[in-house]
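Let's start with one chain on its own, the form predicted alone, as structure tokens.
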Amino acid sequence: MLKLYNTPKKQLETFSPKTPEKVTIYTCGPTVYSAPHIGNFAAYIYWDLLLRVLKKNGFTPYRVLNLTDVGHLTSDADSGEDKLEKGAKREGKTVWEIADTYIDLFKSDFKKLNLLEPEIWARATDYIEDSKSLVEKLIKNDFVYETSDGLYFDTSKFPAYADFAHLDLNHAKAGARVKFSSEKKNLSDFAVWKFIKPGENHTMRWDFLGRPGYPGWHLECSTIIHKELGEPIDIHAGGIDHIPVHHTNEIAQTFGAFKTPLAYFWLHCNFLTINGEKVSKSLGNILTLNDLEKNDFSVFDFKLWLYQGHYRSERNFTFSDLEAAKNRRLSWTNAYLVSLQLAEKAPRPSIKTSEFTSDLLSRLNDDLNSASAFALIDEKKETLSAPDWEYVEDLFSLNLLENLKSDSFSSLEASLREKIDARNSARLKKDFKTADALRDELLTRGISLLDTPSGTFWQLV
């Protein structure tokens, strides 16, 4: 039985969707103005496990992932430059070119990690008319007022505004959360639509209420959820940094427009730091998937490293820890290879739920406890069957056999098979000089041999 840590209630709850045949999920996506880094991808790796665990429990996930290509200002609130405009200036391109470039790169890296694609990639600028309609509903329901720079949501009209993030609005300091404006009625009020002032250079603009402007950052998520999923959805997932502002504002907007809660379950993952420091361009510690590969690591080594911890725990990345994860993954690969070779020596058993797979899923059903699941794999790895390893792959998609042509002993070139057979024959004849020479030759080709009472098996070095 799947239990998830539901952020608003701060406790584990048994997950029960409205419709098991269509579990509606929304995961906050990237702002597409620069190359995604490993800190960005941590969330998508965690939520990929969520989808796979849901499937193993008999549910059918239906997910929307948004792509923010307008409205996200550099302050994350209602001030500063639009991040797409900033990216365009940095690279001498149009904002549309910047968005296309980094959407393509994000999707490419997403695929490289073997992450399950969402049913809908929702690009914010494809929903402008829908966003306008939502603002009109907020105006009609008297949740919005106008200032010189935009339309703002009046948080005093939504008494439950502070509940989700446990905000202390009575003691909030001006500018601590949202830049203070003398025109705002409340410090916590936020823009649902920004006006473009005369002479202001903002390429992305749409006419609304007789003047040019663009949607506030938080608006797109409420709009897309309403359009594509309908509220309340089963699960809304994102980072913990989204709790006090972004997700709180989504909840307020949706209630103001549709008088309904936004989601039943809220999942939030913690931050990723690098060498103990926040991931930041100013610190020069941005690492992309390509950077990992340049350092002779697979992106799946990173994926395994991330799953060694829990999604709600802060993770600190170091290359030494990644090296340890790489070695752990290699040990799993070799155990998997032995199980495949054993399967070739005897008829392959039918794939049934084993005690191992049942225990593995049970541990993951405890709020996606991948660290506990990994401990079980380490404990049982020498005894796991090929179907057991396939189950591990189904859940974590670690591409354990990525360096092989196929997932069986036949993936070895014929010449390698002949050398293994010749080495074993020499060994039986006690011709140890020839046997050792053949073994050493195999080592130069990245193949080690494991001699056991059940026979000789090949593994990767």
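All of these numbers come straight from a predicted model, not from anything done at the bench. The numbering used is simple: start at 1 and walk along the sequence shown.
Beyond what is shown, the protein has a form predicted together with ligand AMP; the following relates to that form.
Across the options 28-36, 428-436, 388-396, 414-422, residues that bring heavy atoms within 4.5 Å of ligand AMP in the predicted bound form belong to 28-36. When ligand AMP is considered in the predicted bound form, D241 lines it closely, a heavy atom lying within 4.5 Å.
When contacts are judged by a 4.5 Å heavy atom cut-off, K107 does not count as touching ligand AMP in the predicted bound form.
For H72, a non-hydrogen atom is located within 4.5 Å of ligand AMP in the predicted bound form, even though that partner is not displayed. Ligand AMP in the predicted bound form is not approached by K185, whose heavy atoms all lie more than 4.5 angstroms from it. Of the residues K89, K278, R312, R205, just one reaches ligand AMP in the predicted bound form with a heavy atom at 4.5 Å or closer; this is K278. Contact with ligand AMP in the predicted bound form, judged by any heavy atom within 4.5 Å, is made by just one of T125, T357, N270, S370: N270.
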